[in-house]
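The chain below stands alone, shown as structure tokens; this is the form predicted on its own.
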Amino acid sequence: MPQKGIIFNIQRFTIHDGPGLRTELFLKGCPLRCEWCSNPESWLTHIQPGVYKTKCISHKKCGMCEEACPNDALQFYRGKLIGIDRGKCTNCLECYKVCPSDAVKQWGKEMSVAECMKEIRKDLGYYERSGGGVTVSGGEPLMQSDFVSELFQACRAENIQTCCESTFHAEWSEIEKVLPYTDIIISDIKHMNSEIHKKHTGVGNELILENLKKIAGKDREMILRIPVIPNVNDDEENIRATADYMLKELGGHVRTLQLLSFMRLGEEKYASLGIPYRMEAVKVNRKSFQKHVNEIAAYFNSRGIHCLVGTKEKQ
């Protein structure tokens, strides 16, 4: 039976997640709850509505969403839609279907592999000229491993390069479904201390580190990333431990280490889903913080680990 996936975004012409120009599919579902996550709409596996209250044209002028909702789940203030009672909402999306002003957004869409390939083929010429291809990200794409495996096999059949960007917080049996059809692997190392990792992401790091070690043991090259978060993982002890792990356990299989400087991203998405943004109080002096990130990059390079600030290889 052909696989279908739940996808919340498709980006064309992206240059950040793999080489060349790429089509990137973002899949719903993630077992982590990273405090700095910019895609909270990816956390749950099912399709769900989000509210952008500034777009509501008011109950007085419209009111169609309230009439359409079968569960009295919509929340209003001074005549405007401001949120959804998630305890009552069944994600039926009737409010989204009738909203004329895009105040209600649908987070997620079911797509077949054939439908995805139709979108992917639009950019075949760009892949060929730039050395690009297709990237799946999330969320955690391995939560939909059967779909990703079938999609990547379809890409391989048409000589399209594949990249899996994953947390690798997954059972090895799920990874094995996708790995044979994956050309490029991208993953994060968020923290080397499992308790601190769990505090800020909701899960420990043991499974992630073990899976990365297994992948390296299969002679697979990977791009690793560190989201550099102030006062979380940017201290000397953690940076040294990360370098030690990469050199000892991953050997020469890390093609590039990319440092991603913390940015406040996705706050409006949190608001649309009624989820508190946990990084709201974090303030950084951008100039001094960026200098610190550059110093971290210099340390990794001094250890013989090819390290860049950002996601784009310098020409």
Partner chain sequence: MSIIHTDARGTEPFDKTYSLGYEVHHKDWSPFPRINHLRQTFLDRPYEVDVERLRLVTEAYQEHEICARKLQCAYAFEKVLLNATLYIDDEELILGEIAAPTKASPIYPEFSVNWIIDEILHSPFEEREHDQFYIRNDEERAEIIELCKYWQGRTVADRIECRLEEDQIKGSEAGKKIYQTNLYHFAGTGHLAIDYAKLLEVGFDGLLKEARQRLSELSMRDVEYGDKRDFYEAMIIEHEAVKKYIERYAKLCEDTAAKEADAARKAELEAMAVNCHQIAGGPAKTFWQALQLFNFATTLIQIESNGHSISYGRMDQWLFPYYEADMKNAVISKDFALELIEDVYVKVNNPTKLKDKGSMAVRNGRGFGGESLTIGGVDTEGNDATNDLTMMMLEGSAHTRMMNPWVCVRMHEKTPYELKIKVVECIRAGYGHPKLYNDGPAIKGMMRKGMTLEEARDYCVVGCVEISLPGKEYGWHDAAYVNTAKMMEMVLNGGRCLDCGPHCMRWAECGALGKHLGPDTGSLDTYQNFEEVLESVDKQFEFWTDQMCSSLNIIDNAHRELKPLPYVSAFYQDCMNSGHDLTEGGAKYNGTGPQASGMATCADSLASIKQLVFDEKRCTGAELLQAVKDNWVGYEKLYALVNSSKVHHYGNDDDYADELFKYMFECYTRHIRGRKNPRGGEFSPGVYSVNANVAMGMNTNASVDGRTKGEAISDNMGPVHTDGGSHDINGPTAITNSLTKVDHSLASNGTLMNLRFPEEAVAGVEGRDNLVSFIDEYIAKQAMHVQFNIMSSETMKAAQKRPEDYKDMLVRVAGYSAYFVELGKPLQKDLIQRTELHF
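Numbering follows the first chain given and starts at 1. None of these values were measured; they are calculated from a predicted model.
This protein has a second form, the form predicted together with the partner chain, left out of what is shown; the following refers to that one.
With the partner absent here, would 122, 125 and 129 each sit within 4.5 Å of the partner chain in the predicted complex, counting heavy atoms only? Yes, the whole candidate spot contacts the partner chain.
Please pick out the stretch from 261-269, 43-51, 242-250, 28-36 that is in contact with the partner chain in the predicted complex, where contact means heavy atoms within 4.5 Å. Selected range: 261-269.
Quick one: is residue 297 in contact with the partner chain in the predicted complex, heavy atoms, 4.5 Å cut-off? Result no; residue 297 lies far from the partner chain in the predicted complex.
Taking 4.5 angstroms as the cut-off for heavy atoms, does residue 14 touch the partner chain in the predicted complex? Yes - in the predicted complex, heavy atoms of residue 14 and the partner chain come within 4.5 Å of each other.
Any chance residue 99 has a heavy atom within 4.5 Å of the partner chain in the predicted complex? Output for residue 99 is yes: heavy atoms within 4.5 Å of the partner chain.
Is residue 278 one of the residues lying within 4.5 Å of the partner chain in the predicted complex, judged by heavy atom distances? No, residue 278 sits far enough from the partner chain in the predicted complex that none of its heavy atoms falls within 4.5 Å.
Give me the residue from 62, 69, 273, 257 that has a heavy atom within 4.5 Å of the partner chain in the predicted complex. Going through each option in turn, the one that passes is 62.
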